[in-house]
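Only one chain is given next, in structure tokens, and it is the form predicted on its own.
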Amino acid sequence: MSTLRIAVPNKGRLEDPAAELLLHSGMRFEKTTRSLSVPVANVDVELLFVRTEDIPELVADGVAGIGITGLDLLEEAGLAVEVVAELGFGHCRLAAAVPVSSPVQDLAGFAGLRIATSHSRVTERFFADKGIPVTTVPLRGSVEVAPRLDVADAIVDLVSSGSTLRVNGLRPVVTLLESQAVLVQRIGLEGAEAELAGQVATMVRSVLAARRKRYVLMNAPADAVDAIAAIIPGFEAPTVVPLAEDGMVAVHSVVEADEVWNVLPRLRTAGASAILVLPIEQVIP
């Protein structure tokens, strides 16, 4: 069987969440700080720990079958690879910002400006699509200081909380792209490698689905089951198990994690007691 190579970030904000996701997906591996290539013990997979920005090209060129990278980096690379799944971490946005004192208030105000960025391709395409002429100033680092050094009039950079912009006297004006970590796959993957890639994608999706769910268990009078089922229907219907005490049952179900706050008081009102809320490791509907 062919070994499937998975390109994984070796540093930065995506490194730890990516490795954690693969571990939770059932892969067994040990990574050290100097690891470049790590075999997975329980499946024919090799992990390549590389720079996040190199992963789109490594996947497109066939060095790796699949990889984890940022959507912003994928868009900037402009390579033909398939996005298999959005991974729900590494959220940020690619934003155009100007100095606080700048008169620019909207998208049209960027016309004719010099824009410093490490995302030249995305920036040029975005403003070209809007019919707004700009000049990009490619920079690899220290993008935020470009206006202060008179290298540029504005910047396009990744923004999470916005604190870095504020520290450097900048304010965001428009968002070019919403980004997060994504699982990407080489187009045209075939045979055993494609089969393994499909299995990895299924297991990753099962972890992502589980993170959005909670397993809820409770005791309740048998005559309260209909009311409880209306609150937490589960995938199809809640599981109901008779208890040793006559007229009492145990009810098990799965609910959306975001709904737990609202659901628990309603369950209590419906007659449920001894309510337990547990995390779920993997869910395959």
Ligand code: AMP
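Note that this is a predicted model, so its numbers are computed, not measured. For every residue, the number given is its place in the sequence shown, counted from 1.
This next part talks about the form predicted together with adenosine monophosphate (AMP), which is not shown.
Put simply, K11 is close to adenosine monophosphate (AMP) in the model of the complex: some heavy atom of it is within 4.5 Å. Although the partner is absent here, S160 is a contact residue: one of its heavy atoms lies within 4.5 angstroms of adenosine monophosphate (AMP) in the model of the complex.
Interface residue remark: V200 is not counted as part of the site for adenosine monophosphate (AMP) in the model of the complex, having no heavy atom within 4.5 Å. Although the partner is absent here, L73 is a contact residue: one of its heavy atoms lies within 4.5 angstroms of adenosine monophosphate (AMP) in the model of the complex.
Of the stretches 97-105, 122-130, 190-198, 84-92, only 84-92 has residues with a heavy atom within 4.5 Å of adenosine monophosphate (AMP) in the model of the complex.
Of the listed positions (Q185, T136, S206, S179), a single one reaches within 4.5 angstroms of adenosine monophosphate (AMP) by any non-hydrogen atom in the model of the complex, namely S179.
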